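The chain below stands alone and is given as structure tokens, in the form predicted alone.
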């Protein structure tokens, strides 16, 4: 249930109301959303519902019929757009986020960033902290790679990189533009709360075996913590199929676009694990309504330190961008490139 609070509701009165709800076994969250103060609960017991109905602090109540509430389009019908200076995610434009799976060195990172800028792209993805299945696999440059991120920032790139814990958040907070929460951490609720409180835009990846309801509930953790700038990322789920790394769930795109107001992007690199399939799945994602795709590129995929098999060759990027631009135009949208900004 979403309860809109009166303008005169002060901290003392709200705390008293929340305390009375807690005595009834009902947890509540105070959130500011569209300039309104909201008190969010699960569907309360009859006694708690009566308490809320009789409270002078509550001006409106909304029962949405879904466990995810603030992320639901039923509560907030308009699309959420996330602004980065003159760049918007969501709305008319489709974005391509690109870069290596893991940042390996400054020369490689600069080479890829320069190529992306020539193609009009501005979002650079690259991991410094890598959660790997094997403890013997490359775990990322870690803190020693922060100087590379700063160099990319100085080049004018908008940075997307993954945080694994509170320490990562502290290290990345003043450098990166979008904090990525990877699939392995989709259910890390303390991290979701922390990144919500941080306030930076968040790219939330769907868990490997997560339902879409579970995915949206993970986003809800971030939003009730005070941050509505969440980008949902479909990155493939684990199924019985073994011809690809994961099964890219393209049907998730129209479902999420119907159910939530948050932007939705797709990661066909992790979704397939095979570079030759990435262009087709990128085209399909845009046709299905995605607000962007996030792809991995590397100048020499055969010797990449992480996920070389799914990394595209930089030389193939212009063709992919042209294809995406054509498909976006066919459905009334545009590929965002530096030359096309408003």
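Positions refer to the first chain, counted from 1. All figures in this text were calculated on a predicted structure; none of them were measured in a lab.
Missing here is the form predicted together with another copy of the chain; even so, the following discussion is about that form.
Undergrad: Report the residue, out of 148, 160, 113, 250, that has at least one non-hydrogen atom within 4.5 angstroms of another copy of the chain in the predicted bound form.
TA: Flagged contact: 250.
Undergrad: Work out which of 175, 208, 83, 155 lies within 4.5 Å of another copy of the chain in the predicted bound form, going by heavy atoms.
TA: Only one listed residue qualifies here, and that residue is 208.
Undergrad: Just one stretch in 196 to 204, 115 to 123, 217 to 225, 86 to 94 has heavy atoms within 4.5 Å of another copy of the chain in the predicted bound form, so which one is it?
TA: Result of the contact check: 217 to 225.
Undergrad: Could you tell me if all three of 14, 169 and 293 have a heavy atom no more than 4.5 Å from another copy of the chain in the predicted bound form?
TA: No, the whole trio is out of contact, none within 4.5 Å by any heavy atom.
Undergrad: Should residue 326 be counted as a contact of another copy of the chain in the predicted bound form, where contact means heavy atoms within 4.5 Å?
TA: Yes, contact at 4.5 Å.
Undergrad: Just to confirm, residue 143 within 4.5 Å of another copy of the chain in the predicted bound form by heavy atoms?
TA: No, residue 143 is distant from the partner.
Undergrad: Given that another copy of the chain is not shown alongside this chain, does residue 105 nevertheless sit within 4.5 Å of it in the predicted bound form, heavy atom to heavy atom?
TA: Contact check for residue 105: no, nothing within 4.5 Å of another copy of the chain in the predicted bound form.
Undergrad: So, residue 299 and another copy of the chain: in the predicted bound form, are they within 4.5 Å at any heavy atom pair?
TA: Contact check for residue 299: no, nothing within 4.5 Å of another copy of the chain in the predicted bound form.
Undergrad: Going through 226 to 248, which residues have a heavy atom within 4.5 Å of another copy of the chain in the predicted bound form? Please give them in sequence order.
TA: In sequence order, 237, 238, 239, 240, 241, 242, 243, 244, 247, 248 come within 4.5 Å of the partner.
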